[in-house]
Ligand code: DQA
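Before any questions on how it binds or moves, here is one chain, the form predicted alone, in structure tokens.
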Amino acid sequence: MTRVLVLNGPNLGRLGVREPEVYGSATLADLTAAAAGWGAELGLEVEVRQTDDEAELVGWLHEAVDTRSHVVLNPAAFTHYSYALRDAAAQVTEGGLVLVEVHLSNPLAREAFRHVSVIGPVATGTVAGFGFQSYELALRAVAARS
């Protein structure tokens, strides 16, 4: 079975209470359950993780390379400035694995500082602006490419 790490960056553990008008009222637990269901439907082994720690997220990307796991990555605020995360993400795609950058909201429709992604140029693709459905679309892309 194809393994996919669904990795979430800072503040995504606060889903459901943080800016529900932007991110919705569903929680990280809801996302985890939904992703497991989509994964099962697509024949994917999905593991959802969240951290507020940049170093931990980098380590998980290294783990993905070492275990030959595809990645769905919501880098959250790290999207815009974390070159360490960018370099780790590049190792995933350079290793022939799929890495889909995901965002619940559409960063291009928000504040100007959110318009630049350092992850997008090294990702296989990006899905943004569809709420939780962004993750479903990303998992479908992984399934189609793996």
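As the structure is a prediction and not an experimental result, all values here were calculated from the model. Quick note: we count residues from 1 along the sequence shown, nothing fancier.
Although not depicted, the form predicted together with the named molecule is the subject of the following passage.
Problem set entry | is_contact(residue 46, the named molecule) in the predicted bound form, heavy atom dist at most 4.5 Å | No.
Exercise. So in the predicted bound form, does any heavy atom of residue 103 sit within 4.5 Å of the named molecule?
Worked result: Output for residue 103 is yes: heavy atoms within 4.5 Å of the named molecule.
For this session: Give a yes/no on whether residue 14 approaches the named molecule to within 4.5 Å in the predicted bound form, heavy atoms considered.
Result: Outside the cut-off, so no.
For this session: Decide whether residue 24 counts as a contact residue for the named molecule in the predicted bound form under a heavy atom distance cut-off of 4.5 Å.
Result: No.
For this session: Heavy atom within 4.5 Å of the named molecule in the predicted bound form: which of 65, 34, 90, 77 fits that? Just give me the one.
Result: Exactly one residue meets the criterion: 77.
Exercise. In the predicted bound form, which of 77-85, 48-56, 24-32, 117-125 comes within 4.5 Å of the named molecule (heavy atoms)?
Worked result: Every other range fails; the passing one is 77-85.
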